[in-house]
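Quick heads-up: it's one chain on its own, the form predicted alone, in structure tokens.
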Amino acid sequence: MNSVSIGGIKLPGIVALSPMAGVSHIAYRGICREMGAAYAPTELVSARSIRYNGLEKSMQYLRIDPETEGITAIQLFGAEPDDFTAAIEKIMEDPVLSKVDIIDINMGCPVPKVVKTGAGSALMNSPQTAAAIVKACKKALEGLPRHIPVTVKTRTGYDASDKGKPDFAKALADAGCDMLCVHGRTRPQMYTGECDRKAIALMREAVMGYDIPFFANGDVTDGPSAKTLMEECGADGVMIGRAARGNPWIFSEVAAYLAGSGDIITPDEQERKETLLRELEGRCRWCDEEIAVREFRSVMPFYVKGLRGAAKLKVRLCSALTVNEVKEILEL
């Protein structure tokens, strides 16, 4: 595998965690790094909220831990360049957040409440605004003791008829984007249907001459699917989303396959249960136990998927209120 650098930051691999709301918790990102993820951005955070409400209201999503995460990345979303400028200024005033390595801009979220504000995938219809946001972020990061690159994650189109947005990709590169990741689905698809690798390839081709890394995202479930995606899209690396929920081992599996190794270690039932508990206990370090357990209910079923009695386990886990209850259910 060829090494990849984002704005001078050399990644330890080419397989990363795609930022996901409710999944990309600081506790999980550290686990993913141990399991081979090159890096793992935070879930999306509103630049406008940071601008007008300060950091504290968004801190549960903004938190980073360079010691456990390695390379850190904060993902912001919004529709106004000035919001990003103000948000980055506040982030750089915080003693911990200012240690972030990468600022990532979400230009792909298809959720209606985000899109209706002009943010997320709505920016694909406003390439000038999207470019202005990249430029605003770059300018806000100028003059710092170290270079912090700006990356973008987007989709192949806003409308169902879109078959890739090469002009949009080029506009981002022209604006100074340091890395581009494209999810091979349009906004209306949300997370359904098949990933359109040809559409991703069109966007990859549009930025070939810019000397910036290009990652692809969509339908990666194992080593072979990752290799196919990279080869057909001409990507330098892949981001893994839904297949990584409750499955941090996928990063080492995919990385090993791409490196030509057949030595794939599949976690047994005990390891999966112990890792579930480890993430839950990690989440509890950052908030009240009952809140942590409740928020984690949407993730726990993925950890036990395929285990003996998984259906009953999922039902019981989704009604648990405490860590001890989860331990009892898992018989740990």
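Every value quoted in this text rests on a predicted model; they were computed, and no experiment measured them. For every residue, the number given is its place in the sequence shown, counted from 1.
Unshown form predicted together with a small molecule; subsequent notes refer to it.
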Of 99, 139, 242, 90, the one that lies within 4.5 Å of the small molecule in the predicted bound form (heavy atoms): 242
Contact residue in the predicted bound form, chosen from 165, 197, 204, 185 - any heavy atom within 4.5 Å of the small molecule: 185
Any non-hydrogen atom of residue 47 within 4.5 angstroms of the small molecule in the predicted bound form: no
4.5 Å heavy atom contact, residue 21 to the small molecule in the predicted bound form: yes
Non-hydrogen atom contact residue 43 with the small molecule in the predicted bound form at 4.5 angstroms: yes
Touches the small molecule in the predicted bound form: residue 218 (any heavy atom, 4.5 Å): yes
Location of the small molecule contact in the predicted bound form, chosen stretch of 210 to 218, 79 to 87, 168 to 176, 116 to 124 [non-hydrogen atom, 4.5 Å]: 210 to 218
